[in-house]
Ligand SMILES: Cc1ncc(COP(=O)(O)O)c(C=O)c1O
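There is one chain below, alone, in structure tokens, taken in the form predicted alone.
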Amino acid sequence: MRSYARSIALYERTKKSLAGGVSSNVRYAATPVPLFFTRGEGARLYDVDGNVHIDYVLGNGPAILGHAPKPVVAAVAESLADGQVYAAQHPRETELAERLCALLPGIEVVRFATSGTEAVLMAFRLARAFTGRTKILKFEGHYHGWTDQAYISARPSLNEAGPAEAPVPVAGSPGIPASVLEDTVVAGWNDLDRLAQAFARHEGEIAAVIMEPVMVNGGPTEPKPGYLNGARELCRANGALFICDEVITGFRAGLRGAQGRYGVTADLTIYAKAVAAGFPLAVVGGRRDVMDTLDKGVMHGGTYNGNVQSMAAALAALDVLEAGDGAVYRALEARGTRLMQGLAGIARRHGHGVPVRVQGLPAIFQVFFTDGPAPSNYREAVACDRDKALAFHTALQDEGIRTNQQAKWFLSTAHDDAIIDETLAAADRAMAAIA
């Protein structure tokens, strides 16, 4: 059994000066306490107790090239002597903007921000200004940041969420005013009929529909065939913008994101996390006529937007990701598929005491503990056995494998075949421990 004595002591010390002992509430979800790490390299993290972890959390997605990738670190190191923020433009911004517009589906023009959360707010403002409407439609189980306007029905209790055919908006935190809920419409994802019904109930009121094109935060789930294009067409028919939140799927689901993978184009798209391989950067991009409202009075600002180091990191990351028209993704797909199939096979070998479905994409997936059908939406995902998922997470951690508490896995290019072999051997022992 691993020791976490130093993490426990440091957490108790930190709570005296840092609210809750963490800088993000998401970090509470760790066992036995939020762990403290000293460094990361490739696919591994090293904690203050000397434990080594094969990391499948990857900062919740950004570290697509693993920890401290040499090309990115070298580019950032070289940029440091150039300064950090100018309150002015610089050539790296121009180069990155041009490359993103040339690469990504439907992106005619971009604007940079620092975090996915604030980029979502920019997209909401653009949609409302462009359409003259106020309501935003979002889906149960889809997470778009922690702000008042966005943190609604991200993980609602089904006792509060209302009927599946007409969910009610549920504030995700104390301090969110009821008035914000009035401008939010909630629907169940992956069902075009329910989306059409929501449009009918709020005819002429919805400015935009926002979704994760692959549900990730509510449990990695792919869209049903035709769903994304169907949703886009419903938006067009009802005068609303279609917004894809690719904060997680962008540069992870593939070189051109989930939209490139599934053949759909949004009006606005939000990218973050993997776009700069671990450095803080978010992007809003899309149709020029919508984005041009920024030139017509729609306010967006930010001291650190387009900062030198994030631009340098993103350019270096793109060099790696674009090489050979995305050759690294072919390796990532193969290794992720082998890992998913291996985990499913391990579960089968350990018998019916551990019924699982391994679901998602090779670069991001989840081990669902259920003997029912594969989840296709949030309500089905949340009905899976979370206690068993937590037990598996804990058993994996004891074996040196770091996932999140829902048994969700992110993959990086640093997870080579040897690491996949090591992971599967550890997962076999962990699955035996909970069977």
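Quick caveat, the model's predicted, so the values are computed rather than measured. Each residue number is its position in the shown sequence, starting from 1.
There is another form of the same protein, the form predicted together with the named molecule; it is not shown, and what comes next is about it.
*Could you tell me if K138 has a non-hydrogen atom within 4.5 Å of the named molecule in the model of the complex?*
Looking in the model of the complex, residue contacts with the named molecule do not include K138, since no heavy atom lies within 4.5 Å.
_Is Y143 near the named molecule? Define near as a heavy atom within 4.5 Å, in the model of the complex._
The answer is yes: Y143 has a heavy atom within 4.5 Å of the named molecule.
*Tell me, yes or no, whether Q259 is in contact with the named molecule in the model of the complex, where a contact means a heavy atom of each within 4.5 Å.*
Result no; Q259 lies far from the named molecule in the model of the complex.
*Counting only non-hydrogen atoms and a 4.5 angstroms cut-off, does T265 reach the named molecule in the model of the complex?*
Heavy-atom contact with the named molecule at 4.5 Å: absent for T265.
_Within 4.5 Å, heavy atoms only, one stretch in 220-228, 196-204, 239-247, 68-76 touches the named molecule in the model of the complex. Which?_
Partner-contacting stretch among the options: 239-247.
_The single option of N305, T131, S115, T337 touching the named molecule in the model of the complex, heavy atom within 4.5 Å_ = The option sitting close enough to the partner is S115.
*Which residues in 255-281 have a heavy atom within 4.5 Å of the named molecule in the model of the complex?*
Residue within 4.5 Å: K273, and no other.
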